[in-house]
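The chain below stands alone, shown as structure tokens; this is the form predicted on its own.
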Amino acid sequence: MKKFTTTLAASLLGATMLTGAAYAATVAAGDTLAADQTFTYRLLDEHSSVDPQIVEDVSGADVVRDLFEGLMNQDADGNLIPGVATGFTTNDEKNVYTFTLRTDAKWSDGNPVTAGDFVYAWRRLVDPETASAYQWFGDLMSIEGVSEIIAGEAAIDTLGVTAIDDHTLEVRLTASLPYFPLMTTHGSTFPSPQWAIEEHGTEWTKPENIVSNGAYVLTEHVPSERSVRERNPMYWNNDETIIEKVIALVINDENTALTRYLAGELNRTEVPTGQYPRLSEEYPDQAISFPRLCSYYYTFNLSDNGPEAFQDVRVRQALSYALDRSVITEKVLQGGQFEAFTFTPGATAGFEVPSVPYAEMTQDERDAAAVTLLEEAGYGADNPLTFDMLYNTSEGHKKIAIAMTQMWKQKLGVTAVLANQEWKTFLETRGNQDFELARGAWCGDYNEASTFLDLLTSQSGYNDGKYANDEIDALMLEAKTLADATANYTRVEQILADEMPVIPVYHYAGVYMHTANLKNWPVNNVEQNWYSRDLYIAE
């Protein structure tokens, strides 16, 4: 089948996307399909949800992309391709988008997928009563009326999203967003079945109740153990799907996961921290590493609940400067990760990594500056700095945290007391500002710098440290109206380097063990928006 693609450049020109078949599993010449088309992979933790408007973690988003389909999808290179929408048009100002929906899209119960299902889902996303952790994403999309709805000052039916008819969806924005179509690949924008939600309430995502419109349906879910999704015969492109069943196994220990992978129980798992060099030599056709659109960082609690010491920018700078990122990437991780001195990864489309002063120093110079800064802040042998450092349970996170605390102890005499929590508890603790210094990670919701930098605006729902800077808020708001926001993004990164509300540690690489017969994994998609319907198992 012909693969339909369009680039961001096309959408910038206001092009109409032509109707075409969406990317699906294409078997390479010479490959023979295995009889068993079951794809099994490992999860570190139980996902937060499979409700499109509730899910807030990467592993849950992976499941949601299989169960539900939004307006647009991505191909193996990250290009936009049709999803439920066959195409879109936009005006010259790029503030009104009209999506044409395919007529053969159905829900798993046989009901047609309509523009009204998207209106319902997007209203639900921003409705304060939903309490979605991604409510702020609706605001980021600049949909007309969204700010007033989130603030409780307007009814949800005033949102600038209209079903012109069953197959035409109009979206009105308050800003010119040339990258708006990219945002519709995010799970929070996927449609939701109003009738199923109203009938079952919060229980609607259980296998016996769920109604979905993606290539797969949820057939089993044992919390913190496993979930199973199987082909959805109602999916409009089901004939192009090859993988019959997808099994996600929750395995908290990365070494246990590797053992089970090598025993043939998994098609894919993460490479344990520090083991990529060995595994890539022993299994060159299975160990892979590639750039990802993700940042690993630690965030300071700057709210009223946070420690007084962190209110002093010199303390924050000292802790960041004393961190030898090359030791973490080259000695601890060893998987092709990149040292981070900016919050936004260099892999971000159109982003020019700016020069920030501390990145230009040698590590010795940073260490010397850190000692001076901490002394000037009043901390030393007579007044040692001590704080708690929180991360979610993972052997890899533990190794990184230990390395960081050792650097601080040896160079600065600082004591960081480590604590770990299970994922959902960790999210709640961090979201309630019940921490001092906490691990954070962010993978881009779309491939543009604002997906990272908006995270540290004062209104962001994921600004767990409650950092606030009026200039950053203004710069990011203005960036939405600019054809080229490079100068704004550069200035924001410079402010972040000066004020250090978070400690950038490294930018991710995808470091996996991946069976040689699992085909079509999208290694060139830095967002890693993968779809099981595009994969297949060869003999």
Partner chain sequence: MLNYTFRRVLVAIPTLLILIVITFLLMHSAPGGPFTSERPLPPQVLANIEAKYGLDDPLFVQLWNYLKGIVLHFDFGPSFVKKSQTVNDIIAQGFPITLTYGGLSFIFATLIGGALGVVAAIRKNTFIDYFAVGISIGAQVLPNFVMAPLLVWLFTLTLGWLPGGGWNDGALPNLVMPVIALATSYMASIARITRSSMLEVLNSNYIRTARAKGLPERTVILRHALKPSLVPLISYLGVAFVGMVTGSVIIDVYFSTGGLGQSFVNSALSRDYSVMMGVTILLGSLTVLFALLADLLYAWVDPKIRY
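Positions refer to the first chain, counted from 1. What you see is a predicted model; the values in this text were computed from it and never measured. Basically, rigid core = biggest C-alpha set you can superpose within 1.5 Å across the two forms.
The form predicted together with the partner chain exists for this protein as well; it is not shown, and the discussion that follows is about that form.
Stretch 42-50 is the contacting one of 468-476, 484-492, 61-69, 42-50, since its residues have non-hydrogen atoms within 4.5 Å of the partner chain in the predicted bound form. The partner chain is not shown here, but in the predicted bound form it comes within 4.5 Å of a heavy atom of Tyr462. Although the partner is absent from this view, Val119 stays clear of the partner chain in the predicted bound form, with no non-hydrogen atom inside 4.5 angstroms. Residue contact check for Ala133: one or more of its heavy atoms lie within 4.5 Å of the partner chain in the predicted bound form. The shortest heavy atom separation between Thr162 and the partner chain in the predicted bound form exceeds 4.5 Å. A heavy atom within 4.5 Å of the partner chain in the predicted bound form is found for one listed residue only; from Gln406, Ser224, Asn305, Thr158, this is Ser224.
Contact with the partner chain in the predicted bound form, defined as a heavy atom within 4.5 Å, holds for exactly one of Pro128, Pro357, Pro112, Gly350, namely Pro128. Along 254-270, these residues reach a heavy atom to within 4.5 Å of the partner chain in the predicted bound form: Thr256, Thr259, Arg260, Leu262, Ala263, Glu265.
Gly461: CA moves 2 Å or more between the shown form and the other one after rigid-core fitting. A displacement of less than 2 angstroms separates the C-alpha positions of Asn238 between the shown form and the other one, with the rigid core held in common.
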